[in-house]
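Presented as C-alpha cells, the chain that follows is alone, the form predicted alone.
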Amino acid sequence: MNVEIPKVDTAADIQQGEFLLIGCRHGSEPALEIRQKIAFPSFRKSYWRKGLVTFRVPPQTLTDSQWNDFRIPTDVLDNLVFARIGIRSLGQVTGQTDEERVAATHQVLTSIRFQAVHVWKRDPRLKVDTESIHHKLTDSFVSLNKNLFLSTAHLILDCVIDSEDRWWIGVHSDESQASQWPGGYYMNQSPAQKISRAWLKLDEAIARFGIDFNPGERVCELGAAPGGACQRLLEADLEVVGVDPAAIDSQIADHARFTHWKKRARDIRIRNFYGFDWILTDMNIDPDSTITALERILVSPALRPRGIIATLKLSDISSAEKIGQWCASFASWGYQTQVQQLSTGGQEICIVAQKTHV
C-alpha cells in the first residue's frame, strides 16, 4: 500500500494541516467514504487502514476561517457520521524505541501549545501500553518546556498508535464533549448490574449529544427488551413505558416508574402515544422499517414528543447513502437531527431528533 505522508519541516508547513485523520469503527471505513463523497467530494482519500482513514483537504478549503488554528469545522464530523474523532495531521514518527519516537514527536511540534495529550490505538487489539507512552510524552514535554502545556490552550495533542513502531501525531480542538475522550472512545463504563449494552449506548448518546432530560418526563421505548436503555432512563428519574412482546428484566419490570406494554409497536393504538416527551427505539429491524414505525406516530402533530432517539441497524453498509433521506423524514415531522455512529455501539447509527422551535 502506498502511503502519502505530509512533510512537516517548518511552522508554516504545519499551519497548513492539510491532512485530516479520521478515527472510526473497524468495518465502517467504506461507509465513512460514502459520506465523504456525498458531503465533501473535494476531499481526497490518502491513507486507509482499519480504524483510521486520512483525507487530504484542498488548500483553498483551508483558507476558510473555520479551519484556522487547527480547528475542524463542526459540520465536517457531523456530516461524516461515522467519524469517531477527527484530528489535523502533523505527520508520522517512527523509531526502534518509545524514546526515539518521543524525540521524533518533538521535532514535528515546534512551538504548538496544547492543554492535554491523548494517546490511543488505531486498532484496540494492538498490544501496546498507551498509559506508559502517555507518561513518557507528557514527562518529556514538561522537562523540555513547561509552556507547552497551557490550561488556556484549545488544542489537544494526539498520538495515534498505528503499529508497534509507528505513531501518527496530530492535534484537535477541545470544542465538543467528545473531543475530551481519547480517540473519541466514550470514557464511562457500564454499571456492575447492567442489564444489557443498551445502557451504555444510551449513556454515550446522552453525553455526546448533550441530551437534557427533565425529571418526571414520560418516555416510551419501542423494542425495549430486555430493558438496558429503560434502566438508564429510570436512573434519570423519568416515567418509562417499554413496548416489546418479549420479557423485561425483573429489575425494570418491578420498578414503580416502569410500565410494560407487552405488544409489538405496530399493535399499539396511535392515541396511546399521546403525552410522551421522548420516544426511543433500538429495534433489531432494518432502518426503513424503523422510520416507518416512527412515522406512524409522528405524522400527527398532536402526538409529537419533544425528542426522538433512534438507533438504526446498518446490515448493508451501502445504506449510509440514505442517511440524508432519513434525516429529511424527521425534518418533515418538525425535528432537527444529529447523527453519529457511537463508539459503544455496533454497525449502526444513532439519530437524535429534537423538535424545531418555531
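As the structure is a prediction and not an experimental result, all values here were calculated from the model. From 1 onward, residues are counted along the sequence shown.
Missing here is the form predicted in complex with a small molecule; even so, the following discussion is about that form.
Taking non-hydrogen atoms only, Ser196 approaches the small molecule to within 4.5 angstroms in the predicted complex. By the criterion of a heavy atom within 4.5 Å, Asp282 is counted among the residues contacting the small molecule in the predicted complex. A residue is said to contact a partner when one of its heavy atoms sits within 4.5 Å of a partner heavy atom; Arg44 fails this definition for the small molecule in the predicted complex, lying far away. Proximity of Val243 to the small molecule in the predicted complex: non-hydrogen atoms within 4.5 Å are present. Listed residues Val81, Ile87, Ala224, Leu157 were compared with the small molecule in the predicted complex; Ala224 is the one with a heavy atom within 4.5 Å.
Distance criterion of 4.5 Å from any heavy atom to the small molecule in the predicted complex singles out Lys313 from the list Arg304, Lys50, Lys322, Lys313. Residue heavy atoms within 4.5 Å of the small molecule in the predicted complex occur in exactly one stretch of 245-253, 170-178, 122-130, 100-108, and that stretch is 245-253.
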